[in-house]
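A single chain, nothing else alongside it, follows as structure tokens in the form predicted on its own.
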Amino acid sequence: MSANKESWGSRVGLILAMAGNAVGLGNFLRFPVQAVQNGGGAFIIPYLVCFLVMGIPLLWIEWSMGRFGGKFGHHSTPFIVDTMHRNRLWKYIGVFGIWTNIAVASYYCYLESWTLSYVFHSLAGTFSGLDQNGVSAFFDEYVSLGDSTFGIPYEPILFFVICLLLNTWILSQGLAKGVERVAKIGMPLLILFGMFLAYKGFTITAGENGAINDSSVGLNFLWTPNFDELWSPTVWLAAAGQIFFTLSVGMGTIHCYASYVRSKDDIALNAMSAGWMNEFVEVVLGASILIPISIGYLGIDGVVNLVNSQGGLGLGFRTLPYLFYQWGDVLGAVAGVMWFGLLFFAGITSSLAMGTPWMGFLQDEFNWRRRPAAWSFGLIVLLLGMPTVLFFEYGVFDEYDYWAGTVSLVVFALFESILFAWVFGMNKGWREITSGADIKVPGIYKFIIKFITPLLLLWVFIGSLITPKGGDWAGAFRNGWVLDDGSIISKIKNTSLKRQLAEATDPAVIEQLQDTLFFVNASRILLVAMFLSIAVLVYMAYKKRVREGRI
């Protein structure tokens, strides 16, 4: 008998929790950077097309699979996918839906703890009086576990542990009293803070407070279509990839949340509502803060250079605190609290979702109670996540993000789309989507889900597997295929690191690269070991079900 008696308290709470699961740090830090790196307005059209033909179909697939599995008392992906087709392999494909969440939470909670720390430092006025280099140096000192501004020993570890304890305690309170309650508070505050910062982003005037451009320069850069770039496969691949990160599809969290929906309740409109709320936060709010403010004070070329060298994290943590203080000490501190506050709410509503598949699995299969299951999640994330804290400068954080937060999402989404449309069957799948629906689902999506979405996912995977150097697809077909360092194959072979090691002459640099190579490989072994451990637990759960006559 399962110990899992969870349920959602209200429809509003469910939608806000699902939207909170999707709305994460990437909405504000990754999306603007992807837009900058892919031609500004040229990125928006492919992004919206991919949302319509890949994002929405995947949302409906995962909500349907989750509710279907919930009818049989399953609340995690191994046995949710197993109910859709009795084959000994599918449940092990479903391991991705638990493993991905644990692995992502292990570095995501560390990133989330940065936002908590930066809220504290914004309130304390740490960034007041610092120039851009000073704010950037603060970040470098922080992630290298250097001396704290306030003398707190190992401050990043302290905030990481605090963040984990907070997540674990909330999870231990359950769906309605924990996750749902946080979503009802956090999402409105996130939108409120975002609207204030977007207003400031819209009202920057050249010549005031050190600004060199009006806000319209940054907004035009983002929203003016560049049709020359529209047919670039690289832009479309980036747009499709962003849809994964922004909607949290391919992770297993949506399946878990939807498994607690009653069998006759709507999922079609709920999925659309959560998806479009995420798009509002990302496209309207996310695009109106980071880029317009940065371009207003640093110019287009300056921002493009910063993005290429530091990425979204660098812009959000190294640069924006300095730019806020161009508005004065008081408003700078308030803006800092709001910026890192909204990032914290975006982060915690996502990280809470990551804990629920593991908890659901333990409750369903091994009769664990909610609180022990929650604290086991916290302990595992602490142990698996500590290397990302201690060895951040050696690339452990980035390895976790690449394999668990990027590649695995595409792999699992590809498998689940094939399972849903071709194995479970599109006719049965369509009945699941439309059962109890509060909207009329357009019939064209039956064709899209069966053909377009799987093909698009396959293209994303193959494109990531063999990405040509510099993303020059036309040149690769004309002049021969040289893999980009960012392709999956090159990543597996550590091509970039090995080349740097071969070219290095400075002994200190050689030692640094050797250490990085060691920790990169060690982090991969750790991730594989975690996957295999979960697979063993799934096997044990399956055997337990057989003994108990539940299969």
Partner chain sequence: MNTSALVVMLGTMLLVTGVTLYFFYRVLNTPPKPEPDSFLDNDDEIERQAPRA
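Remember, it's a predicted structure, so these values are computed and weren't measured experimentally. Residue numbers count along the first chain shown, from 1.
Only in words, not in the display: the form predicted in complex with its partner chain, which the text now covers.
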- Item | in the predicted bound form, the one of K428, R369, R262, K469 near its partner chain [non-hydrogen atom within 4.5 angstroms] | R262
- Consider the chain as shown here, without its partner, and state which of F461, W223, Y154, W169 has a heavy atom within 4.5 Å of its partner chain in the predicted bound form. W223
- Does its partner chain get within 4.5 angstroms of any non-hydrogen atom of L14 in the predicted bound form? yes
- Find out whether any non-hydrogen atom of W473 is located within 4.5 angstroms of its partner chain in the predicted bound form, and reply yes or no. no
- Verify the contact flag for K184: yes if a non-hydrogen atom of it lies within 4.5 Å of a non-hydrogen atom of its partner chain in the predicted bound form, no if not. yes
- Task: Flag T203 as yes or no: does it have a non-hydrogen atom within 4.5 angstroms of any non-hydrogen atom of its partner chain in the predicted bound form?
- Result: no
- Task: With its partner chain left out here, work out from 483-491, 41-49, 522-530, 496-504 which stretch has heavy atoms within 4.5 Å of it in the predicted bound form.
- Result: 41-49
- Residues within 4.5 Å of its partner chain in the predicted bound form, restricted to 339-373 and counted by heavy atom: none
